[in-house]
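Next up: just one chain, as structure tokens, the form predicted on its own.
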């Protein structure tokens, strides 16, 4: 069994998506919010891969569906999804990834593979505590926190050491 933060390749991504969508719908209802058809479709698009997705990628996918919403409409949908904790923003890539633990309050920490583009969310209470303590000791009041660690995932490191994809 892999201890990698990245999803196993292959993994049942359809089940992964279904479970996350069902959880998002239930949470929205519990909170008195509505996962409108557009918000749901935007979430589906972000969920389609474990790679960060930009707003214009979402617009392109919606256009392939036959919809033509204006960019502000997509940004509002992404803002809603982010406020609900259903997606996170990857600042360095100006893109969004789905949250696979939206019911659990947590900070945003990510491992970002520079080769395959996948993002893995880190859920680590010890890291959360260490960062909070560092801020506290500095007398710093954090308002927003995102940790992004760029490098190579285990699959890409293995491929690189085997010479896969070498030019």
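Every value quoted in this text rests on a predicted model; they were computed, and no experiment measured them. Positions refer to the first chain, counted from 1.
This protein has a second form, the form predicted in complex with the DNA, left out of what is shown; the following refers to that one.
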{"query": "Option touching the DNA, based on a heavy atom within 4.5 Å in the predicted complex, out of 105, 141, 70, 126", "finding": "70"}
{"query": "Every residue of 75, 89 and 94 near the DNA in the predicted complex, heavy atom within 4.5 Å", "finding": "yes"}
{"query": "Residue 34, heavy atom within 4.5 angstroms of the DNA in the predicted complex", "finding": "yes"}
{"query": "Contact test in the predicted complex: residue 113 vs the DNA, heavy atoms, 4.5 Å", "finding": "no"}
{"query": "The DNA contact in the predicted complex: residue 39, any heavy atom under 4.5 Å", "finding": "yes"}
{"query": "Heavy atom contact within 4.5 Å of the DNA in the predicted complex, the stretch among 43-51, 116-124, 132-140, 94-102", "finding": "94-102"}
